[in-house]
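First come two forms of one protein chain, each written alone as structure tokens, so that there is a structure 1 and a structure 2.
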Structure 1
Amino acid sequence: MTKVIEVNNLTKSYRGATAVDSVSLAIEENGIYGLLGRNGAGKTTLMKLVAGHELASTGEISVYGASPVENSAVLANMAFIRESLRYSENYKIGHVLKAAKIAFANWDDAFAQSLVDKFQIPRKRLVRKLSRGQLSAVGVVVGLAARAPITILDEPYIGMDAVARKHFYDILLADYIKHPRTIVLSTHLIDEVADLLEHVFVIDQGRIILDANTEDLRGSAAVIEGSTESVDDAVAGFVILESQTIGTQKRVVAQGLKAEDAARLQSAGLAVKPATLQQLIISQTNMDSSEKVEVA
């Protein structure tokens, strides 16, 4: 696998506030990557840095082996659709698509037009008068029809209703299968999109606290429930991500359990269930972010 994006010890601070803090990560060619984290965790800033929209304070970013900043050759391979991207004042969807058609070498206009219909984006209304969900749909249309080898989508389905979100997941997957490329999408709403992601980065307070293959992650943590005493005995030695007590009952989210551990705990009368990705990430982001968790 070739690495298309490599970030090394990247920091971005604005007048003392650190938005991105010593981030290192690598993204390989052709995959769907998720950049997950709470609002304000640094997702957008990190994406802006990778797309060369923002200049790093310290550290390195390399895209196709070179800095993306002011590098026309590299940038021609990128589409970065920001959640808060403001299109020109008097643009209608037709103008956006026309501009995108001029800008992107691999632009598929027929596909773009079909997506506009599918998302029911009103063609006669000004883009700045569209609803939040429709505006997100405009970003999705441009981002996908661009067929850019590196496609970065910032909160692509924010404000979309359930039907539009389902369309988005289906279209993203189908188009990715037909035209494999590197897709990075950020979101703070994890549950629905989780199955589409091959790899996730979790960012919290500017730091990457989790960098793992989604499937490895799925088996890696468990929710254990039972009497306080037996739970405490059972989970000694594991990393506890979260714990709650009611009366003499205790529930913990523990990391690093192997299948045989789970079986042993179950026969000791404890309830053991694999933690969902959502549970795992929520408990991670509540943790002290100074420590990066390694996933076996």
Structure 2
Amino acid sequence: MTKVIEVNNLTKSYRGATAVDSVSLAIEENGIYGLLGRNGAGKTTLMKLVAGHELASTGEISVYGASPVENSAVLANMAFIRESLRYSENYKIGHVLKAAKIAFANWDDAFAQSLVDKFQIPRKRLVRKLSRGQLSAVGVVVGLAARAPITILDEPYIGMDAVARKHFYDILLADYIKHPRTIVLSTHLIDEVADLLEHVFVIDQGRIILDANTEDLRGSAAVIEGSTESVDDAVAGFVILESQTIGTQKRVVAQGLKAEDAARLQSAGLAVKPATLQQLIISQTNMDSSEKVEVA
């Protein structure tokens, strides 16, 4: 596979505060990637750096083999859509779509118009007077209809309600299947996007703490619940990612269980179920940096 984005030892600091800390990663052509992490973890800063909107303090960024900073050839193949996008005071949705048609070579105007109707964006209202959900939908329309070879979506959909977001995820996947491209979703809504993602990067306090294919992650950890004594005896020898005790009951997220291990624990009266991607990531970000483990 062709690597379209490569980041090596990237650091970005603001007046002594480090927002992105020695990050290295690679993103290949045609896939849906997740950049996951809590608010303030460094997601937006990293995406701004990749999109050439910020200058790195140290390190290197390569997009199609070149720096994205002030590089029109690179940026012509990229759409960077973020929640905080602002439009001209007098713009209506029609003006936004006309500007996008000029900006993006692969723009599909018919698709954009259909999305405006699907997300019920008022065509006659000034964009600055739209609700937060409607404004988020504008960003989603542009991000999808641009069909840029590299599409970075930095939570433009966060203002939409849960039903509208689910609609967006369904449309995104269907359109990606028809028109493959490299899509990066930056979000903290992990469970909502888990089924879309082929690969995840988890960022915490500016550092990448997890870089893995989602297929490798699925089934790599399990949630075990039961009496404290039973759980403690059962999980000896496994890597414990998270542990919580309430009264006489204990719940752990354990890594390294095989099918026969799960069957043995269940026969001993313990509840065992696969950990979700969100549980796995939360357990990782709750750990001290010295305790991070590599997910096999």
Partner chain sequence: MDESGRPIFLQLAEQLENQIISDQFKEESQVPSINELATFHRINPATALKAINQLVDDATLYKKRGIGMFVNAGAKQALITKHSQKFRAEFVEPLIIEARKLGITSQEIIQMLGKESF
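Just so it is clear, the structure is predicted and the values come from calculations on it, not from any experiment. For clarity, a rigid core is taken as the largest C-alpha set superposing within 1.5 Å between two forms. Residue numbering: sequential along structure 1, first residue numbered 1.
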*Structure number of the form predicted in complex with the partner chain*: 1
*asked:* So, superposing on the core, is the move of Val235 at the CA at least 2 angstroms between structure 1 and structure 2?
replied: yes
*For Leu277, is the CA shift between structure 1 and structure 2 at least 2 Å following rigid-core superposition?*
no
*C-alpha of Arg38 moved at least 2 Å between structure 1 and structure 2 on rigid core*: no
_Inter-form CA displacement between structure 1 and structure 2 at Ala263 - rigid core frame, Å_ = 4.1
*In Å, how far apart are the CA positions of Ile246 between structure 1 and structure 2 with the rigid core superposed?*
3.2
